[in-house]
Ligand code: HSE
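The form predicted on its own is given below as one chain in structure tokens.
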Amino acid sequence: MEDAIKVGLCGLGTVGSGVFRLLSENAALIRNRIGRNIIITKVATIDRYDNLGLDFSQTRVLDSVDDILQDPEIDIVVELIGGKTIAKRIVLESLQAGKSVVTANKALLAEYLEEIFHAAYKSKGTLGFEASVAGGIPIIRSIKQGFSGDRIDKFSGIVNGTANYILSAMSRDGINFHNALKDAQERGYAEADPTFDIEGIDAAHKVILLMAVSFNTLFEYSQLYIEGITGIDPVDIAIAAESGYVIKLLGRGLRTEKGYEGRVCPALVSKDNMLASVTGAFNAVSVWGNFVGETLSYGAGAGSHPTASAVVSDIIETARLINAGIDNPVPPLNIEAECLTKKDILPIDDTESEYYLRIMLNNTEKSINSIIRILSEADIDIRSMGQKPVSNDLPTQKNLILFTEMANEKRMQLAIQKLNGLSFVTKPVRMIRVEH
């Protein structure tokens, strides 16, 4: 016991109990890999724990985190409580005390990015947050270590399994959003309150962290453009499929000459794109390095076991550093403190994209000419155009389907406002960005 790496675990919910179980079941294997035992000596939880089937013979179970934070013998503090109040205190006080911290708390890290990472840079301990992005995919470690010699210019990924499951079900079964959401909830992929997943908030937290690690820069979460999937209709999925695309909720970060772009929104992805084949509740992230080119990391993005595995990987990496007597060998954001800066994310109005537009209208030659004129005046070039019937019940109405060339977002939004004001446009224009 004297020779063990001592861990204080805050939170014994789904992921916390998974971490406890993994460290217990694989204890011998882990000892062989690092040369020392890793033992959870203290657990702080307010949840019932006597029905989890865990062996607490070497562990004190507490109802407060204070004993863990004040214990000088604790080497690694693992924060799995969630939220942004007690969790923030756990992370900051532990780092300030020189302890290493492991957390899966993406919301906390994303919304207090500057404060927490400045504390991590000043601490003798390390900050492990692999489990905060894409569950069991080691994407944070891949970027920090595997791409350490490359300049990362872009990443694009599916980082929310719930949204991806819903869109996959809509595509596979031809059902609407609400039925797909109900199916996801029944299968345990979506929470009773799915707001964070379907509105893109969960993905946005992950995108900010990916931007910080990829571009070695601090960013403001509030500047990220966020759009969810609640407005996606089966007709758009069907038209996308006919045109060689699938619709995905994508998180994207891009380094440009004008600055940094960052957004979470639905996008049409070509079926030739590697991300198009990622279905169900799985996650995948493509990263472009200036020498390595494009890479793809794929795997389970959530759940007790994948997330617990990512947490334990951080615990083991930290234990190896403790063994070697090394403090923070890889800076938290993969750049030295004196080089760390904070940058703005470009407003969505300043970005460019290709666009898919679906315009429901009372079809006449005059109406189509008016639409083309509005887009032309906004300097938006049309790549392709076609028509689809709305339904047998509405024989005079058509869906006008347009794909544009690259265009400025602000001009597109102003053009859509004008299109929505036309008397023959019967429903608000549906616009979805096209990802390359």
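Start at 1 with the first residue shown and count on from there. Quantities reported herein were computed from a predicted structural model and do not represent experimental measurements.
Same protein, other form: the form predicted together with ligand HSE, not shown, and the subject of what follows.
Highlighted residues E354, E409 and R411: none comes within 4.5 Å of ligand HSE in the predicted bound form, counting any heavy atom. Residue V159 is the only one of I166, L109, V159, V77 with a heavy atom lying within 4.5 Å of ligand HSE in the predicted bound form. Contact with ligand HSE in the predicted bound form, judged by any heavy atom within 4.5 Å, is made by just one of L249, A302, I140, I345: A302.
Proximity of K206 to ligand HSE in the predicted bound form: non-hydrogen atoms within 4.5 Å are present. Although the partner is absent here, F117 lies well away from ligand HSE in the predicted bound form, with no heavy atom inside 4.5 Å. In the predicted bound form, ligand HSE sits within 4.5 Å of a heavy atom of Y189.
The shortest heavy atom separation between D236 and ligand HSE in the predicted bound form exceeds 4.5 Å. Just one listed stretch, out of 198-206, 90-98, 329-337, 266-274, contacts ligand HSE in the predicted bound form at the 4.5 Å heavy atom level, and that stretch is 198-206.
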